[in-house]
Structures are given as C-alpha cells and as structure tokens.
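Next up: just one chain, as structure tokens, the form predicted on its own.
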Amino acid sequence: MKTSTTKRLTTLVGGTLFALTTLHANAATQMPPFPEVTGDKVEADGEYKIKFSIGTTQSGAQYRGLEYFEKIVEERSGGDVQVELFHSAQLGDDLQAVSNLQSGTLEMTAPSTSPLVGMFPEFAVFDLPFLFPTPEVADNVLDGEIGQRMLEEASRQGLVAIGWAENGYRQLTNSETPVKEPADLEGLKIRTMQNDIHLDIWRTLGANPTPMSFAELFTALEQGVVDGQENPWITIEASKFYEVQDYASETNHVYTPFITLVSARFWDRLPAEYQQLLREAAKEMGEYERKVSRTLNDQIKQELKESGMNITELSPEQVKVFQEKLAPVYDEWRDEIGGELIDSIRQVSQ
C-alpha cells in the first residue's frame, strides 16, 4: 500500500532543483524592461518593512520580478511600505524561509511548489509529466479558478498565498545519444531529484533514475557516474552542463511554478489597503517574471546551440509517444493527488 504523500513525496529543497545558478552577463542585460507602474497611490496608517527572500540568484528571472514588485509597492505606497530583497537563500532555503514566515521572523518568500508538497499534497500535480503542454495552458490554469483555489488552499498554516510566477519547464540532457523517443532512454542513468513522481517518470520511460544532490551533479556527469540530468535551460547553461553533455532534448516534461507567500502574522497587521496593494503587485510581478523567464530561456537555448550542443526539438507526434508511455504514472498517483484536480487542469488544455 502506498505510504502518505507527505512521506513519499520528499524533495530536494533550498532552490537546488533549478535555482542555484548564475546566468551569463549578456543574457542578463537583455532582460525585458520594467513595465511602467500604474495605479493610484495607496494611503493607509503606519509604515511597514518587508523582507522578501528567495533561493534563486540575483541574476535570474525571479529576482528581476522581485525588483519590479519592490518598485510597485514602494512607489504606490509613497515609500510607507519598504521592500528589502534577499537572493541566493541568504536567509535560508525554501523550507526554512516558509518556516520563518510561519514564525513571523520573515515577511515574504516565493518557493517553487515541489518543496511544499509535504504541506500541501495537491501541489504534487505540478510534478506530473506533460500536464501543461504550453506556457499558455499553465498561465490559464494558474491565473484562473484552479489557481485561485490552490492559493486559497495554501493560505493556512501561518501563510497567505497571493500569487504565482514561473520556475519553468524541465529539459533533458545526456552524454550518450540524441533522445527522440522513449526507447532512446533505455538503460541511461538519469539524475533526478529525490521525488517519487519523478522517479516513476524515468523508470516508466526505461531509464535508470538516480537521485542525487544537485551540488554533486556536475562531477557525477563529468565522471560518468550518471549519463544525464533534467533541468530548465537556465540551469543547464549556468551550471555549464554543456561542457559534459553533448545532447539535449527540449522535452518540456514538467512545468513548475513559483508561489508568492506572505507571513500571516505580518499580513494580519497590515491595513486592508496595503493587503490589496500586495495582491496587485504580486499579480503584476508574476506576469512580468514569466515574460523575463521565457525571454531568457529562448536566449539561452540559442546560446547552447551555438556552443555546439546537439538539441532535439520534439514534434507533437513525438511528445504524444512519451505521453502515452507515461499513462501509468497518472494511474499510480491519481487518487493520491486528486483526480478532480487533474481532470480540471486537463480540461483547460483541450
């Protein structure tokens, strides 16, 4: 019998899934400019300071989004709400930051959903393969009724969830062969996070999934301990995996969002006018951060091609073969995650 989701869905945390990375300077300089801050000035009693901590680096899309959040909040509050940003897990990894929100020693954080599965089992839906076929589907789900319902579900245990942003799609690289179909994965040792759904994905595809710390990954690839790995383009480039991986496949097999969280202790002290300001700023930050994330990913994929990496772009027909092969993963996890949630997301993509 399957053990509880909390026990089974263990994940690597602290931003190491996608986050402990540094982009090339030329990519960072091409980030989309900040949109103009719009909206009336918000007036309320009191002055407030917000410490906003993330696990990703200062040169990534997420931090760029936080800078826009800071700009919106400070301009529209006339400086009465000040935002101080902390990157690279300076105040602790994702779970530590969430714990600090609960205790009231930190005001805001924005982890990816994977480390929060133990607290909110329904977030495991974001680990299912090929559930979000396009970024537009992800946007429609997260910005619509489903996303709002999940924000409300996450607004407990000392947390208030106020918005979504994008961590992005994971891609496959390896040192052995181009991967165009599941048969190409037979016997390949693929490093994955310690996450039961991800292990099921690669095992079902015929690979040999090998859980491993992100910090050990480059050396393991270099020494042939594992043949491949899967991460977003940003992480692949920044971690220089192209130096030890000749082949990549743009699989887009898992889409992961960031969720913007506020300490309930801090939230309850805020005037309603500033609560609404934070909600509006989080929404605008998420929209802008997605644009930055997708721009950087497009730039970086092109850079990897130019560096000599052999990148396979799967056709819709090829993707369908992977999806059909992975049907048993959905059967295995449907009851534990919630069939209604899975079906409602699938309906959006029809």
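Just so it is clear, the model here is predicted, and its values are computed rather than measured. Rigid core: the largest C-alpha set superposing within 1.5 Å between the two forms. From 1 onward, residues are counted along the sequence shown.
Keep in mind that the form predicted in complex with a small molecule is not shown, yet the notes after this line are about it.
Shown without its partner, this chain lists A248, M193, L185, L101 as candidates; in the predicted bound form, only M193 has a non-hydrogen atom within 4.5 angstroms of the small molecule. None of 74-82, 146-154, 128-136, 166-174 except one has non-hydrogen atoms within 4.5 angstroms of the small molecule in the predicted bound form; the exception is 166-174. Contact annotation for N252: none of its heavy atoms lies within 4.5 Å of the small molecule in the predicted bound form. For the chain shown alone, N231 is a contact residue for the small molecule in the predicted bound form, at least one non-hydrogen atom being within 4.5 angstroms. Among residues of the shown chain, F214 is one whose heavy atoms approach the small molecule to within 4.5 Å in the predicted bound form.
Proximity of G60 to the small molecule in the predicted bound form: non-hydrogen atoms within 4.5 Å are absent; the residue sits far from the partner.
Core-aligned CA deviation for N231 between the shown form and the other one: 2 Å or greater. Relative to the superposed core, Y255 shifts its CA atom by less than 2 Å between the shown form and the other one. A displacement of less than 2 angstroms separates the C-alpha positions of T113 between the shown form and the other one, with the rigid core held in common.
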